[in-house]
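Okay, here we've got a single chain as structure tokens, the form predicted on its own, with questions on binding and movement later.
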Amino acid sequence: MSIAADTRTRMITQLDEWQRQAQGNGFFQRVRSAARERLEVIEFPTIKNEDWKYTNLSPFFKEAFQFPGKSPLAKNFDLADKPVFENGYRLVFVNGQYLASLSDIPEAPEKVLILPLTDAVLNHQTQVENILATVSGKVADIFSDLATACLREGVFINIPRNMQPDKPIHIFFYSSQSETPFFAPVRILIHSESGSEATVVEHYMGEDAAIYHANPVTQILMDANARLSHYQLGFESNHAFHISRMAVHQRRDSQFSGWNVNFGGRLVRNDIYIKLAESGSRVELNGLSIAQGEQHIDNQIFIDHAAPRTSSRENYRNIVDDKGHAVFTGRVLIRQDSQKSDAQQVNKSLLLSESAQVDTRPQLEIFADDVKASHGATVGQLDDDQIFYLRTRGIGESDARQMLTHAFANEIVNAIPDEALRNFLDDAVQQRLGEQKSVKDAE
């Protein structure tokens, strides 16, 4: 038996035991059972799968992830010493478990409904089922099925028609060190009703030495003229495996702005599927990944222009040092009936060492004849002339390199419209690049 097959068998065995003990209403049981059935025929991907060509899961298979129980830390966890984005409504999860005591959500849902998933299923099951049924796409694979088969923890957000929450919605996931590596699946469901506007932040963080598998699945349904700014911030432990799925279904004239930032994680894989289902829908995706040491960060994006007069923008940047590896695959499909569509895609990568590696695959599939579409990718190093210029101004080589690297990253960060988030991420970039500079100076 291969190591992948052995991992699958072990996880399914644990899953069956978990399901026998799990509590929940009929809805949870139905959803879990359907996912469990799919696991009978689905397998882990290998590098022979085209979508996984550059991401080898061998390090993942070497860890014996355990389904988490109630952790003592969940009772004593303190946010005071954590660099948390504090502005907004807040939901806190530790090791995949919701902590009501540290969360701050509105009690009256006049402007926005924010609930842990267990509560949402009890009181808003029809809405939950609507999102699950409508928003699918590439969410269906072995990782999302594993998460669905033990569905319990998660978040349900509903932004009512023509409403705008008075502050952002911040979902904070923290993973701590434990005796054994653990599996932390969560589900995030968001419904932006017609004419609404909101900001949602998914913030992932892990204790330095923690080994775990974060497996979030996010499904977003956007009605006509809705606007949503969504941020996924990855500051996982450098020993963590973060494999996420996000699917967005956009209706007429809706606008989705997504920001994906990855600084931590041993192996990170983000699959994003956007369906521009009705005319006038627009999406803008921005990404920044900093891979150091032996980190592997893979961003896979599929945008489906399924209606006319839709538009998409992608701007992803990678900074790779040491033996880090960054992967970008951006696939844009413009269907035959999607005339007047406009798609632009850019991926730029900066290599800071001879052993750093980048694989980039921008792709356009166009079946309409009246469209605007372009894509481009660059991979390079810091400009020697710019370094020389800064050195002639009395700036040391190490500082000059850091300044130019920071400027490369800031072309993404500075475009963030929310000032508090922009400042928060700018500080995070400076700290990340400062850690990198300190290591190189020590060498």
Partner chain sequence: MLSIKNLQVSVEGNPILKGLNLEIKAGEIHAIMGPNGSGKSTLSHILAGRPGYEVTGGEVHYQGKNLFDLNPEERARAGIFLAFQYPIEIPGVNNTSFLKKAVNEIRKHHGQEELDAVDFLQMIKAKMKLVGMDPAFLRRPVNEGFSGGEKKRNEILQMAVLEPTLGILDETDSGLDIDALKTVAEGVNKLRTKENAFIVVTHYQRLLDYIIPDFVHVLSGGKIVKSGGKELALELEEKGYDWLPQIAEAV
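None of these values were measured; they are calculated from a predicted model. Positions refer to the first chain, counted from 1.
What comes next is about the form predicted together with its partner chain, which is not displayed.
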Partner-facing stretch of 59-67, 46-54, 406-414, 29-37, counted where any non-hydrogen atom is within 4.5 angstroms of its partner chain in the predicted bound form: 406-414
4.5 Å heavy atom contact, G376 and its partner chain in the predicted bound form: no
Partner proximity in the predicted bound form: L390 to its partner chain, non-hydrogen atom cutoff 4.5 Å: yes
4.5 angstroms heavy atom contact with its partner chain in the predicted bound form for Q381: no
Contact label in the predicted bound form: I395 to its partner chain, heavy atom within 4.5 Å: yes
